[in-house]
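The form predicted on its own is given below as one chain in structure tokens.
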């Protein structure tokens, strides 16, 4: 078997940080993947167009596979690879670098625009004097809560700590720094406080063709509890979170994380299961908050097609 050529250090570091959750959240993973490739493009000082395009293609494929359950990264890097194909006959290295750099800049710009649009849509969904419950850490969900807080609409936020890596602490810290009144609770306490909650907002790692949500393990439990208390349950999700391949029956693979994250040295006879994500059926989701507005789970595939496939 022929060994793959080594990746540029910036790509190796990005892959390492994604795998080890130093870069977390679907949007941040996609953004950092694009930026690492952009850095490779800028730093390339060779004179071979084939070498540059091969390097970019390998980096993109490796980044796409750095973690499962990342359709946003796959979709955006697939679009970049399409651009690579169109440049395959271009002999000028400088023209290729300029084209790829511009293409990545455009993707990053659109990501920022959709992020801001979604935050505005989401802030309008939150009722006045709202008590919100959220889960894990989603830069998108956090942004819309902060935007609603700026409008004077947020009374307080219950932030579930999110075992086993406690990403909910990141959410609590960010919201507190923005002046939001935050209460951190253990994951199992969600039902004890749900009767006081007006709205639940979570992020999204992936959305399937049937409208179901793939998100941090424990999201499904929270959605079921919200349903029991008749509390609306929203997922803040840019449209690129939709996994277009799922319409053909492809199912997102649920990543199994190292057992040491849960229990470093369990006793003999005890095994540890540590799935990173779970699937929340569409029936538990009131709506997806997207850059295109509120979208019901059933309509999301068509909205994605209209926005990005035409």
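Owing to the predicted nature of the structure, the values given are computational and were not obtained by experimental measurement. Positions refer to the first chain, counted from 1.
One more form of this protein exists, namely the form predicted together with a small molecule; it is left out here, but the text below deals with it.
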Just give me the single entry in 212, 103, 123, 167 that has a non-hydrogen atom within 4.5 angstroms of the small molecule in the model of the complex.
167
Considering 133, 136, 145, 222, which brings a non-hydrogen atom within 4.5 Å of the small molecule in the model of the complex?
136
The small molecule contact at residue 25 in the model of the complex, heavy atom, 4.5 Å:
yes
With a cut-off of 4.5 Å between heavy atoms, is residue 31 one of the residues that contacts the small molecule in the model of the complex?
no
Taking 4.5 angstroms as the cut-off for heavy atoms, does residue 10 touch the small molecule in the model of the complex?
no
Even though the small molecule is not shown here, does residue 284 get within 4.5 Å of it in the model of the complex, heavy atoms only?
no
Partner-proximal stretch of 123-131, 177-185, 196-204, 89-97 relative to the small molecule in the model of the complex, 4.5 angstroms, heavy atom:
196-204
